[in-house]
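One chain follows as structure tokens, the form predicted alone.
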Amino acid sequence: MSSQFDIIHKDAAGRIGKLTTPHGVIETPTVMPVINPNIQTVKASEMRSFGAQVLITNSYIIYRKDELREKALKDGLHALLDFDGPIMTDSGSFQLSVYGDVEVTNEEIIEFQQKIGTDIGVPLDIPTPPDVTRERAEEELKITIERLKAARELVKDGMLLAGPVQGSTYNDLREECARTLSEMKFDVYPFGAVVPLMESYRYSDLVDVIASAKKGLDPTAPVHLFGAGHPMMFALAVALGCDLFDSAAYALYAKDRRYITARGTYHVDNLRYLPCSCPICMSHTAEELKKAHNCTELLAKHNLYVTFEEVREVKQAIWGGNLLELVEQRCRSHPRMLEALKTLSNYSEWLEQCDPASKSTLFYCGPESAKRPEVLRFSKHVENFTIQGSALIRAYPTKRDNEYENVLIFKAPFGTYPQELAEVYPLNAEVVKTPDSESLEVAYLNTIKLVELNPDAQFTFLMQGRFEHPLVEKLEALPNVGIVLAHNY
């Protein structure tokens, strides 16, 4: 079957979408729990009760084990796992990255995935790790593209085919790879070899990798971020345009007695209380959970509940138009995530192209909000304001508004605009009364731009003392601006 991905709603570069597969429609963004066909900490048949619509497993593990291979070939992958929904299978690339070699060819694993009824198959690409030499990255990328091209020729109908985007930490190679694969028309585009970045908390580099690859793709193409299983970073990745995630974290963390939250991870032995209302946490105290004979299973189930709760939180944020506010909240949960948030601002121009022009209300959450797409878009529209005659610029209403032909509102981080637009999005934003330096800088720059574009108008800026900023001197130096302090007015 051919791929079909319908985008239902958007915010930033994130979207709610529907991906059609042979075993049903997947609503994205969502997480694919990783199922180890040898050991299931939580059974695949139970996964729907946590919110899972689709699973991912490893076809190479099944291929290599006689008992699993025979059952999968005879009864199909879905019978093997006891799951009737969509299943994606990896090809052995993970084992290739860990052990340096696998005992299967690209053609063999593609054929096997088709025979066992995989819904979304993955070719045997080469997951080039971060920070390798450019020569190695280019050489392995060339092999990957050759294998993906061969796989695309092998799969015509039935199974959807993923085209993994590689390129190590070379942003231009990621973008080039994505552009090349787009021409081959894959059904899903995983971004590979990013687990080492996440394991070493290099979230800022991860933002670069995702944004670079997204720039090379058709913006309507479904994207899978390989190995991204911690809910702390879902909002950020979705805002950058990722639709699918896969998570073995729920089980791996549980085996290490780690308890996942959307803000980070606790070791269960350090918990006095369980800060969660999932069925596991509501039916156990922290002490009972620690001592339970099936603690690993219980922790894995808790981790799944939290994972899918965050997925729903992200979806609602997209629907409500406040995804970037959720991103800012989540990125303040860890210093390295905060670095990633700052890196995100480097892509404001790109995000502004993706972001819907109309939403409800922008909430200012901190200095990073001054670089939101909505603020950038307003800055571009300042040139559309034509002001003639006398104009008062003020932050709050005054008794002397009627003395001026124009009344303009000054509001950080936007700047200055006609009061008639005060209730129009995004100028109806909820902002702080004491603006920070970052928001004031943007607001003053936009105000200076407005004044310079209207040289025949005469502006009186009613300045609040707490709005002082170095750019005020530049504003005051303009010939058609007079600044009056509020307490003298």
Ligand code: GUN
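We number the residues from 1 along the sequence you see. These figures come from a predicted structure and were not determined experimentally.
This protein has a second form, the form predicted together with the named molecule, left out of what is shown; the following refers to that one.
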property: Residue (of 122, 323, 304, 116) lying close to the named molecule in the predicted bound form, criterion heavy atoms within 4.5 Å; result: 122
property: Contacting member of 415, 231, 192, 241, with respect to the named molecule in the predicted bound form [4.5 Å, heavy atom]; result: 192
property: Triple contact flag 30, 187 and 222 to the named molecule in the predicted bound form, non-hydrogen atom at 4.5 angstroms; result: no
property: Proximity to the named molecule in the predicted bound form (heavy atom, within 4.5 Å), stretch among 123 to 131, 389 to 397, 178 to 186, 78 to 86; result: 123 to 131
property: Close approach of residue 226 to the named molecule in the predicted bound form, 4.5 Å, heavy atom; result: yes
property: Non-hydrogen atom contact residue 94 with the named molecule in the predicted bound form at 4.5 angstroms; result: yes
property: In the predicted bound form: members of 148 to 175 within 4.5 Å of the named molecule, any heavy atom; result: 166
